[in-house]
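Just one chain is shown here, as structure tokens, and it is the form predicted on its own.
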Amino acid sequence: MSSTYKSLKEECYEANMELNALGLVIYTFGNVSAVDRENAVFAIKPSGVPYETLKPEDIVIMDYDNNVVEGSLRPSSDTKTHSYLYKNWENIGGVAHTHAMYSVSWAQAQRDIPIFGTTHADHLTQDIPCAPPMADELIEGNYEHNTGIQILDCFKDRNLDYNEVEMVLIGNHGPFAWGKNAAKAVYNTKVLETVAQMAYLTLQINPQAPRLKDSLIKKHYERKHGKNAYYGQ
């Protein structure tokens, strides 16, 4: 594969294959992108290509204004959401989107995922936010671009930091996650799906299950992410 963006395409390809291997993809409903900040481009999975036949050279290179820089296939239908996040959140290196079952179920219920346990607290100190469903006029407009706006508006309204909360649910739609690179975006997507399943089961067992107490939230987050972090499994 002769390409200026060979390593970027390979990073994106490997992340997409991992998303599928982790059972987070239904058919072709899922995508991961990887950004190259130096060249102001990102790599994303082409639309509708089955994972069994996907190859690194199929990956499409885009600029932040959604122009194809390299590639002959149509980029993912969610490309405009990815580009909007890259344009506005300069610290992220990868974005992932799936239709994974439990994450989508919470999104369809339009519910934040409460912080019930230490698995959740190991990754963030907040409930996982669910952005409200998109307004009608935005649905009629540039839908995928407006999904990016929807995510940023949710974080602004709730005073959340995207560096700390690396995941979100879009009401009636599904999850987006991001991270320092494409692999971390996939990791956060799996964490989100697992925490969504755990929270669902928790409420089945005890509909009045209490939120994790603040002292445990603080302990578990800081031992993994604080200045004196020591935790790693």
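Residue numbers run from 1 along the displayed sequence. Source: prediction; values computed, not measured.
What comes next is about the form predicted together with another copy of the chain, which does not appear here.
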Although another copy of the chain is absent from this view, report whether residue 102 comes within 4.5 Å of it in the predicted bound form, heavy atoms only.
yes
Classify residue 91 as contacting or not contacting another copy of the chain in the predicted bound form by the rule of any non-hydrogen atom within 4.5 angstroms, answering yes or no.
no
Is there a non-hydrogen atom of residue 186 within 4.5 angstroms of a non-hydrogen atom of another copy of the chain in the predicted bound form?
yes
So in the predicted bound form, is another copy of the chain close enough to residue 163 to count as touching (4.5 Å, heavy atoms)?
no
For the stretch 91-120, I need every residue with any heavy atom inside 4.5 Å of another copy of the chain in the predicted bound form, listed N to C.
99, 101, 102, 104, 105, 106, 108, 109, 110, 111, 116, 117, 118, 119
